[in-house]
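Let's start with one chain on its own, the form predicted alone, as structure tokens.
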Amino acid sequence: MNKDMNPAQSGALAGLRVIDFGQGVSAPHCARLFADYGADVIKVEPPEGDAARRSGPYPGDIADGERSGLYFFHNTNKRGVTCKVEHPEGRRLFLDLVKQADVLIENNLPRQMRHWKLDYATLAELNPQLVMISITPFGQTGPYSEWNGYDLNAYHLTGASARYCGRPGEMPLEHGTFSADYFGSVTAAAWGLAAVFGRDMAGGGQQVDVSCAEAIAAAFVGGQNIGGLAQDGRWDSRTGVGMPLGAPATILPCKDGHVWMLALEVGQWRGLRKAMGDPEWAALDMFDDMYSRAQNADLIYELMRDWLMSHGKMEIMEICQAAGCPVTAVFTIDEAVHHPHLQARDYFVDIEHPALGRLSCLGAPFKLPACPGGPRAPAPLLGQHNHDVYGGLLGLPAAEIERLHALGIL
């Protein structure tokens, strides 16, 4: 690990230097996870900026590269520089940064990295200890490795949409935005860090090849689905809302919104009965079996309607939880942001940003009580730390930095 780090950084990963050479979601979010716990993360953007700056959302829907919510969230705690790596002088600067890095995180197509002569084989000659985390939709090898692709391309390659998204007998649907990118990001952070701490055992750095599609396949389609296919050649398809093999197990409307009802085990079902006041219809012995309840799900949901519509979702959740039935209110985004549970865990952190003002940001998704992490500094303005990094870290004179800026290299 490196000395002469950013003095503002502290935490479990203090002493680790990371170059974020990604755009959009997967690589920047992965790098932010390192930054959340003290790594000195230097974000390298092209002179025109990360594509996320052009994606919003923006306050008042007025496009402004310095006020993009997508960019702000993924780049807190980082130092930001600009560099045109396709220019010989820009490439030289980038390589000088790589020489002093422990980790490089990127999400470019393999052919693009080869075109820039920034592929792992080239960089490893300069820095044999470098761990290069490459996050792409389809991975570094295979027939699709050179294809253009995005989050949804990776998601649908896995079979997850055919399995989960949509109603039976109807067309598959899209999944939530950036699911594959975020699963790839977290996977990359975990195993990239493993590669860093395994350098002595491995005899140096290595390239961590993360396919977002494979991360989704392992998490969404693995286990029961792949197991069934491997064992007897069968697989399940879309089931719509809810679970087909048990009931109640679906989203149902209530007085002020919706609740996710889940009562599969006998104890859970009896807890739900108690919460509903032990209605006579629910006491039938046949309903003690979740498969029997599944066969009569439409009837059960109709019989529950009056009780549901006479109670609010928070009341239903609290009554059911007290009775041993894992029912949960379906929260809106606004309700989640103001929820006292997340507030009590300090998951929202207020940060002052020079262009956005004071605003809340999501905290670190993992808790390390002995060395707490999370956002402390706002996402950098475009090229904000050019003098800090190129001057302080690489020793370039101010006049040279200005010359490179005037040439459009920075």
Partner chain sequence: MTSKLPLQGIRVINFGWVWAGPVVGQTLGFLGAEVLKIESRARIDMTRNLPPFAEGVPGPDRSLSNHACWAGNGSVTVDLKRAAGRDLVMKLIAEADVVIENFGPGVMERMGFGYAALRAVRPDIILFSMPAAGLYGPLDHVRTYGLSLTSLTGLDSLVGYKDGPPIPVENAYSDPFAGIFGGFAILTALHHRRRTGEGQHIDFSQQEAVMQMVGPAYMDHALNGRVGGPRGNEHPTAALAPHGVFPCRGDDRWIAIATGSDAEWKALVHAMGTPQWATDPAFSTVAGRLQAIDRIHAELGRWTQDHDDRALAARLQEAGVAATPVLKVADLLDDPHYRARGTFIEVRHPLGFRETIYGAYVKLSRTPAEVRPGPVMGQDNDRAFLEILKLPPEEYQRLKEDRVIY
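Predicted, not measured: the structure shown is a model, and the values here were computed from it. Positions refer to the first chain, counted from 1.
The same protein also exists as the form predicted together with the partner chain; that form is not shown, yet it is the one meant from here on.
Residue contact with the partner chain in the predicted bound form: residue 281 places no heavy atom within 4.5 Å of it. In the predicted bound form, residue 44 stays away from the partner chain, with no heavy atom inside 4.5 Å.
By the criterion of a heavy atom within 4.5 Å, residue 141 is counted among the residues contacting the partner chain in the predicted bound form. Although the partner is absent here, residue 321 lies within 4.5 Å of the partner chain in the predicted bound form, judged by heavy atoms. Contact annotation: the partner chain lies within 4.5 Å of heavy atoms from the stretch 323-331 in the predicted bound form, the single such stretch among 281-289, 323-331, 300-308, 77-85. Counting a residue when any of its non-hydrogen atoms is within 4.5 Å of the partner chain in the predicted bound form, the hits in 264-285 run 264, 265, 268.
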